[in-house]
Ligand code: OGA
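The data below hold one chain only, encoded as structure tokens and taken in the form predicted on its own.
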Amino acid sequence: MGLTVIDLSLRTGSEVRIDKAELLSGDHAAAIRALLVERGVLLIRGAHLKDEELRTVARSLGDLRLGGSKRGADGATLREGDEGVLKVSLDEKVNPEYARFLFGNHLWHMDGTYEEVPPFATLFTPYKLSRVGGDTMFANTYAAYEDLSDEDKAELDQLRVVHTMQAALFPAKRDCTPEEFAVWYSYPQRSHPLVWHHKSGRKSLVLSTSGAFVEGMHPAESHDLLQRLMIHATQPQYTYRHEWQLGDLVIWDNTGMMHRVLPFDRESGREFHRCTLNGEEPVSAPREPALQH
């Protein structure tokens, strides 16, 4: 059967029509991966993947992140026995660790900004959907960078942003307890270039609600700049809104996309299963600051 590709919007997102057996065979993995990097997010309808099948597809596309004591891409702990599949739910009976952080997914973010090498990609499939809400939105930070003015590009190319977990989660839960804030604060801070110069030669904006401040910039100016860029990058021409159906498989390139879930009833039992592909390159810029001795 081979691949049939239908673009979901002009700047980002494509539906890939492929027979399930061919998908699992891995014969088209190279083409799917190339399309993923080009389009940012891919949709395969009617896949209805079981956990082992989800792992099979993930391994055909990259290095599958396995369970253990290591924290997951967006703060949750991958427990032993998960074998690379994380259950994503607000139901503490399904995954109590993840339920502690999932509320932060309502805001635009990139996974793993506290890591030197953020995850490359995510594979996501629903097991139970909410009756109302719960769509997922994606924003292409490659395209958003490409449309900036030359003056903006020259300025942003020089900047670095400190990312923190408390910056990512506090806006979504302003009534957090001191204990919760202490947990968020325990995660490492990470400084990344604002513009990612990828090995491919392409460039993308490194934006996320975890972006706490621009290094060396007045706090007010830092806040205004990050807000302006977030508004720019989430304009309709750079985004795709996905309405979930059971059986869907959605894959997105975490290194060039932001995502967010739209509000839904936390008692709905909404549950997804997710595989994460380990990162393959650090966030880098051509002019890294000199090391201080």
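Position 1 is the first residue in the sequence shown; the rest follow in order. Here the structure is a predicted model, which means the values were calculated and not measured.
Absent from the display: the form predicted together with the named molecule. The rest refers to it.
Inset, instruction - With heavy atoms only and a cut-off of 4.5 Å, decide whether S130 touches the named molecule in the predicted bound form. - result: Residue-level check for S130: no, no contact with the named molecule.
Legend entry - Contact flag, Y238 vs the named molecule in the predicted bound form, heavy atom cut 4.5 Å: The answer is no: Y238 has no heavy atom within 4.5 Å of the named molecule.
Legend entry - Contact test in the predicted bound form: V261 vs the named molecule, heavy atoms, 4.5 Å: Within the cut-off, so yes.
Inset, instruction - Check whether Y98 has any heavy atom within 4.5 Å of a heavy atom of the named molecule in the predicted bound form, and answer yes or no. - result: Because a heavy atom of Y98 falls inside 4.5 Å of the named molecule in the predicted bound form, the answer is yes.
Inset, instruction - Flag this candidate site as yes only if R39, H192 and H198 all have a heavy atom within 4.5 Å of the named molecule in the predicted bound form; otherwise mark no. - result: No, none of R39, H192 and H198 comes within 4.5 Å of the named molecule in the predicted bound form.
Legend entry - Interface segment, criterion being heavy atoms within 4.5 Å of the named molecule in the predicted bound form, picked from 147-155, 108-116, 213-221, 171-179: After filtering at 4.5 Å, what remains is 108-116.
Inset, instruction - Report the residue, out of V85, A167, V88, A143, that has at least one non-hydrogen atom within 4.5 angstroms of the named molecule in the predicted bound form. - result: Exactly one residue meets the criterion: V88.
Inset, instruction - Check each residue of 122-136 against the named molecule in the predicted bound form and list those with a heavy atom within 4.5 Å, in sequence order. - result: Residues within 4.5 Å: F124, T136.
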